[in-house]
Structure formats: C-alpha cells, structure tokens
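One chain is shown next in structure tokens, namely the form predicted alone.
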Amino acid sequence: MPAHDPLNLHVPEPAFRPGSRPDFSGVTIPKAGTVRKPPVDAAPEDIRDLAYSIIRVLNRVGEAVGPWAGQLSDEELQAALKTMMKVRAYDVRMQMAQRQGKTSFYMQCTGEEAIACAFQMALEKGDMNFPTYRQQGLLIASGYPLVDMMCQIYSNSRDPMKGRQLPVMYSSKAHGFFSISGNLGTQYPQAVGWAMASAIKGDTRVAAGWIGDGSTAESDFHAALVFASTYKAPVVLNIVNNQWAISTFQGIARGGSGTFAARGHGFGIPSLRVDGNDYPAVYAVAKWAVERARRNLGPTLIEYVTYRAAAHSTSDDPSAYRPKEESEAWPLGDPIERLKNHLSVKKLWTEERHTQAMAEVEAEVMAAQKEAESFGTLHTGPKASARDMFVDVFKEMPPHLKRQRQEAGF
C-alpha cells in the first residue's frame, strides 16, 4: 500500500479578529451605475454574472447613476429617509428599555435599515413577508403602529401575541408580516408554500422569504429552492448577508460558493447581489424581482450585501469575536447617511432639516413608548392573562384543554 499524508479539514477563518486592524481594500466593489439592468423576463442563464457583482445606484458623492436609478420620486426619497430614521430611533429606545429591565431581550437592525424599508415599498397590499427577527423595517414602513410593536416587546396586557412570542417576534397578517420564527430557516419553505398556494388559487399576491447568511447552511434553505424552482413559485427569496451569523463569520455558511447569490444557479433561479446600504438600489432590485413574480415568471434570489453594525442581540458581545473598528471600516457606509447625502446633492435636504426631522422622529417614538408602557412592561403593570395560553391553538378547543383550563382556574 502506498503511503499517504494524514487527511485534514479546512476550517475557514475570518480575515480579522479582535485586536487586528480591519482592511476591506481587497473587497471588490463595482462603481455605482456600472452593473447592467436586464429585462424583467430575462432567462436565468443570461444573467449569471449578476450573482457575482453588486448592483449599486448611489456613487461616492451621493449621485444616483446607472440603469437601476431614477425609480423613486423626490417625495418618496424624503419619506424613505424619515422611515429609516424612525427604525433606528425605535431600535435605540427599545435597546435602552432592555437595559433598563423593561423587557428581557431585543435585536437591533442598525446598518441594515435600507433593506427592509425599501423592499416593503416594492410590495402591494396583500403580499406576504416571511421575515427574520431583523426586519422590523417591514412593519414600520408599512405603517404598523409603534405602540403595538412595543407592547409585544414588553409582553404587557396589550401584547398582540398575548405573551406567547419572544420579544421582537412580531406578527401581523393585515400588514403582510408572517409570524417570526427563532429558527430562521423555516421561513423559507413556508414562504415558497404560501406563494404556491397563491398560484394554485389563481390569486395575484406574491410572497417574500427572508433568511440570514448563516441560515443558508440549513437544509430548509435548499428544500425551499427546490420547490421554488420546480414549480416556479411567485416568491422573492432574500438573503441578508450582514457578514456575521451571531459570532460566526459568513464564510462558514458560504463554504466554497463564491457568493450566496450564486447558490441559486444550481436551481436555475435568477440571482442578483445588491448593495444593501443603498436604498434606491435595494428598491430597484426588489421592484424588478416582485414584478417578475407577479408576472408569473417564477422566483428570484437576492443577496443583500450589508454589515451588522450592532451586536447580534442584547445577549451578545461582538467585541469577543470581531474588531471594534470593523463597522466603521465597512466600505459600503451607513444607509441613512448615504440617502441623506443623496438628498443633499439634489438640494432636497439640509442639516437643519435633518435635525428637525430627527427631533420629530424621536418625539414620535418616545410618545409611543410612553403609551406602550402605560399598559405595562416586563416587571411592572398588567400582563396578558394566563388563560390566553389555552385559546387560538385549535379551531375548536378539545376536551383535554378545557379540563386543563378549568384546573388552572380559568
């Protein structure tokens, strides 16, 4: 028998660890406006290159350029900036509330606001999102009341979920926001199944599935792509690549694939990558994919390249696994600042107006928080009744649950 060297495994490592100096100069970022825009009915094999590039609209000086630009009015852009500001202000207040012991848990989406806010604007009423726990922007952009969101976080007497869901795991059928699952991968096959049901019924509504870079390594991700591609389901499959899956860098889940978007190629699904911190670019790509689904042209896979600026959650300390300076070094910048600069270039925004808008947003969020806390918080005030655990489980309550409810005194 010939002699062989011992086998060994390759374990991917992040480029930077705590104490090292982050340097993203080697990251290939195409100039804004240089990535082509194909027709909405393009064949997947004709747009394979879009899974390896990054679609961008806003250039370094704040101008909107290229074929994906020009799809939003001045009024829509100004409203978009205020919506993102509201999402961030909401995050700040709820993060603070958790530190004050008013809730047990919170998750911010700092640096990712453009993705959810812009995508929501590309949908129509009746469409359904199957989100992760970092898409609060979908609800806020759709006009869902901040008070209701906060009551869910506080698990108080007005909690729409009646204390059954972890904080930040919202649900609203009326606003096209399917119940959040802590196991993110499950949202993908459910989104595809919902979209298939819509098509079977001859409806016009489409679905959007959401997943993080880490959860693409789960089997649910691949199962969803099989069904979406086989039956050409009217669904948009979103991958938010914010570089970190809790404390695991994105290279672990990506494996040997060049990009997450490229994974769609094996299933014959058109796949694109977009600058997730570029609001006009996100909107344009989302609009393209949603139209494709609405025209019965099948699924689209979108990878949003962004960065999770905050901790994974209030239970996480990112300084243990990445440099503190990494967020500031991220080359695609801050989505709020970039849209603000764009509006300034168009002479539609000033520092004075930004200060005023920020004051208005913060006042709105603080007023909502005051109202929500009047219904109780985690440790003070009234809470949802324990009797609610017995209802909304079955259409008709079975005898054994009736007995348990009686034994519990309800």
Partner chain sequence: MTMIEAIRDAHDVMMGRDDNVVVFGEDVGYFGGVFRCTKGLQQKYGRARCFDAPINESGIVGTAIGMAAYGLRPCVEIQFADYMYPAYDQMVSEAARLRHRSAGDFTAPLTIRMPTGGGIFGAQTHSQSPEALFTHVCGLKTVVPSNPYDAKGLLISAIEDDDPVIFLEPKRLYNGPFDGHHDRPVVPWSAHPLSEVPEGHYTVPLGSASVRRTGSDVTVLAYGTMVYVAEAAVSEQGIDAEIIDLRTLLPLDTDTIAASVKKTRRCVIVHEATRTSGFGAELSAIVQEACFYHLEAPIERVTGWDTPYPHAQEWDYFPGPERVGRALKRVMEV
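In this text, rigid core is short for the largest set of C-alphas that superpose within 1.5 Å between two forms. These figures come from a predicted structure and were not determined experimentally. Numbering follows the first chain given and starts at 1.
Same protein, other form: the form predicted in complex with the partner chain, not shown, and the subject of what follows.
- Note on contacts: among Gly268, Gly333, Pro145, Gly163, the single residue with a heavy atom within 4.5 Å of the partner chain in the model of the complex is Gly163.
- Contact with the partner chain in the model of the complex, defined as a heavy atom within 4.5 Å, holds for exactly one of Gln190, Thr132, Ser155, Thr259, namely Ser155.
- Remark: all three candidate residues (Ser104, Ser219 and Ala408) come within 4.5 Å of the partner chain in the model of the complex, counting heavy atoms only.
- Put simply, Arg21 is far from the partner chain in the model of the complex: not one heavy atom of it is within 4.5 Å.
- The partner chain in the model of the complex comes within 4.5 Å of no heavy atom belonging to Gly298.
- Using a 4.5 Å cutoff between non-hydrogen atoms, Ala320 counts as a contact of the partner chain in the model of the complex.
- Shown alone here, Lys346 lies farther than 4.5 Å from the partner chain in the model of the complex, counting heavy atoms only.
- Per the 4.5 Å heavy atom criterion, the partner chain in the model of the complex is contacted by stretch 165 to 173, the sole one of 134 to 142, 165 to 173, 77 to 85, 289 to 297.
- In the model of the complex, the residues of 165 to 203 lying within 4.5 Å of the partner chain by at least one heavy atom are, in order, Gln165, Leu166, Pro167, Ser181, Gly182, Asn183, Leu184.
- Shown in the overlay between the shown form and the other one, fitted on the rigid core, is a CA shift at His400 of 2 Å or greater.
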